[in-house]
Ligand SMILES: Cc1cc2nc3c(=O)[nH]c(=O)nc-3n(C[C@H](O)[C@H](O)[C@H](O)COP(=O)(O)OP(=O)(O)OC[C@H]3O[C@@H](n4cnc5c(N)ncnc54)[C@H](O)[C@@H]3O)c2cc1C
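Taking the form predicted alone, here's one chain by itself in structure tokens.
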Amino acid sequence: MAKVIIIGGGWAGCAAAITAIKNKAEVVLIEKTDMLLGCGLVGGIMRNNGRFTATEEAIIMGAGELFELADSLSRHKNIDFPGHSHASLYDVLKIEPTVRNLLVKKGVNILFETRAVDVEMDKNKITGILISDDRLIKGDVFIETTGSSGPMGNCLKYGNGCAMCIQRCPAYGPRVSISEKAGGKDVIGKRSSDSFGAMSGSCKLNKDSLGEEIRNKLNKEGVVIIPLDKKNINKQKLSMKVCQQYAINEYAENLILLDTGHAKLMTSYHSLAALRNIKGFENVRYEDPYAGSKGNSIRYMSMALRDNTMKVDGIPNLFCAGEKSGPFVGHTEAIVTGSLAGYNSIRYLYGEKTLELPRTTAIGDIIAYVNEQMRTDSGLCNRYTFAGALYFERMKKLNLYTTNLDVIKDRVYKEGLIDVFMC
């Protein structure tokens, strides 16, 4: 049986594993830490704005397992908060073991605490992944979903130092770029013409450290919005974050909390001293990252150039997905690119033409659009998500955004893509 090796167990890697194993491959997933989902362990926001459309497209195409699982673990559904509509918030405390069980049940061989450090090559093809303990894991086709943060040194050089985030680099070691090890050329995202990367915006407060009134409202409604005094408003923070969909004034002028199990703080990098002067925050502390007042991990430091089928330029048997495949933001974006990478890895193995999703679908359009943008200097200064900012405006302009399920199904049907990822 053909063997697919996936490096990186975030949302993109998990999605790639599912579509690959559904299409009759042996799948090995290499994850350097002791948990799956990566930044998905601290995210939780699904189906907001254009992500609803993309989610339903993926489900109709036959890649719905992870979306349906996230729906089943949602603490709140169909909620609105500034700039965002009809969002769901999955429980970050329950999602990882549930995804892990799903992959194991499907037969995916997950190798935890296994860190890739190099590749074995035969001419321009990868034949194996070298592990930090000197093991060599051989395979036929490879999918890189390692994210884009790189080693902890990037946070020291381009950010505000290690903020002790969910990536846990000091414990599990640095990430390497498989695409560059194999001879590919990675590109780096920018915040401006002279600053690199972007700081992760994901930030959690310990819910039990908040006042009772705030906790009760979060549990009941999913959202709490608290206006800030003028002295605590800093709009410069908005340009530092990965998540441009939240770079609107409301997120600088208010504390916005979402209930994902923890209290997700949408306006990051507040000093603990300033927060504790606000009613209900007198005992507050950060949950993730622990040094959340300083910042977070740096992202978009190593993205692989690839085509619209997710195959990496110049390396025939290497595919990529998630942030590794461009300055995408979000779990939905990771899942849909991972699903396509997993599916096309199998088509490549069996000598079949790899699938390029049409731009009449939101998923096909964002994959192609980001591919174009990441090859330009100006495009590398932006981040792309179905949920807001530049790409959501494009979705609306092209009439790709809709919450009408009949319209979405008809769109997928006309392209002959119903259940395409199933076989």
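The numbering used is simple: start at 1 and walk along the sequence shown. The structure displayed is predicted, hence computed values, not measured ones.
This protein has a second form, the form predicted together with the named molecule, left out of what is shown; the following refers to that one.
* Should the pocket be classed as open or blocked once the named molecule, positioned as in the predicted bound form, is overlaid via C-alpha superposition of the site (3 or more ligand atoms within 2.4 Å of backbone or C-beta atoms defines blocked)? -> Site status: blocked.
* Let me know the one among 293, 308, 74, 114 whose heavy atoms come within 4.5 Å of the named molecule in the predicted bound form, would you? => Checking each option against the named molecule in the predicted bound form, the one that comes within 4.5 Å is 114.
* Asked: in the predicted bound form, which of the listed residues (42, 357, 389, 395) lies with a heavy atom within 4.5 Å of the named molecule?
  -> So the residue touching the named molecule in the predicted bound form, by this definition, is 42.
* Is every one of 22, 58 and 339 within 4.5 Å of the named molecule in the predicted bound form, counting heavy atoms? -> Per the other structure, none of 22, 58 and 339 touch the named molecule.
* Okay, which stretch from 99-107, 271-279, 308-316, 199-207 lines the named molecule in the predicted bound form, with non-hydrogen atoms inside 4.5 Å? -> Of the options, only 199-207 has residues within 4.5 Å of the partner.
* Any non-hydrogen atom of residue 383 within 4.5 angstroms of the named molecule in the predicted bound form -> Residue 383 lies outside the contact set for the named molecule.
* **4.5 Å heavy atom contact, residue 33 and the named molecule in the predicted bound form** => Contact check for residue 33: yes, within 4.5 Å of the named molecule in the predicted bound form.
* the named molecule contact in the predicted bound form: residue 328, any heavy atom under 4.5 Å -> The answer is yes: residue 328 has a heavy atom within 4.5 Å of the named molecule.
* Does residue 363 reach the named molecule in the predicted bound form if we count a contact as any heavy atom within 4.5 Å? -> Output for residue 363 is no: heavy atoms all beyond 4.5 Å of the named molecule.
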